[in-house]
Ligand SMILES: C[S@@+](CC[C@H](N)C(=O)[O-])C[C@H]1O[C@@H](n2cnc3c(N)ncnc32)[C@H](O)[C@@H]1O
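Below sits a lone chain in structure tokens, taken as the form predicted on its own.
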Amino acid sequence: MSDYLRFLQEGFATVLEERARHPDGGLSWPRALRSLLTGESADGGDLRSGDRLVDFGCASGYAFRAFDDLDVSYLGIDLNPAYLAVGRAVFAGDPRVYFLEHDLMDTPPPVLAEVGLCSALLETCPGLLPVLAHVAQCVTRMLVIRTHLGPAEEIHLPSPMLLYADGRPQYANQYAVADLVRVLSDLDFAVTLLPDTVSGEQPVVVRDGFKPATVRTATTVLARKRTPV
């Protein structure tokens, strides 16, 4: 890894530490998903006392701050050991919080949880499969996905700062609505599409590497297991 990329990753790690120490994770989307999952909104109620919440692509685990007053445990899964180290340091001593380094492109992680959380993860993977298939094996009741959707799949290579720790490129993708619904349906999920918990129905502008900015619509996807485990 070049000194420049190391500088970028270290800077982002500092941001992730600040979020992990901030009430509610320092961003609006964890609070919005808490409202959705706990039944504070009309479509929610899927997170219950005693449940385990697994966060795919957790970074420092900052999303847990929006749930840490509830009777739930949390497992954060990420590929970047530097970000996981931040989370382990911040949440040290909290027996409800665990972290696991795992590449979701390779195999399903050896975990089970009632509710899964997946924010922006799919945008950094070169396709819906096999990641969704691996994620689906870990969730027994409900999966919440925040991602960009459009009428067709668009996969873009990113700017140099969007790299995994081993130098592989991440991506900056949108997926076709029909493709995502089909894949989740094949994985035994019933799918509900909602306006994004943060941006609503407003389109957002995303810069894809050195390409011109593209306009996409962020969506919150509720995927409920048809046959709960």
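Residues carry their position along the shown sequence, with the first being 1. In this text, all values refer to a predicted model and were calculated from it rather than measured experimentally.
Omitted from view is the form predicted in complex with the ligand, to which the following refers.
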Distance check, residue 155 to the ligand in the predicted bound form, heavy atom within 4.5 Å: no
Contact label in the predicted bound form: residue 59 to the ligand, heavy atom within 4.5 Å: yes
Distance check, residue 147 to the ligand in the predicted bound form, heavy atom within 4.5 Å: no
Verify the contact flag for residue 103: yes if a non-hydrogen atom of it lies within 4.5 Å of a non-hydrogen atom of the ligand in the predicted bound form, no if not. yes
Candidate from 97, 142, 72, 125 lying within 4.5 Å of the ligand in the predicted bound form - any heavy atom: 125
Quick check: do 19, 29 and 78 each get a heavy atom within 4.5 Å of the ligand in the predicted bound form? yes
Going by heavy atoms, what in 108-135 lies within 4.5 angstroms of the ligand in the predicted bound form? 119, 120, 121, 124, 125
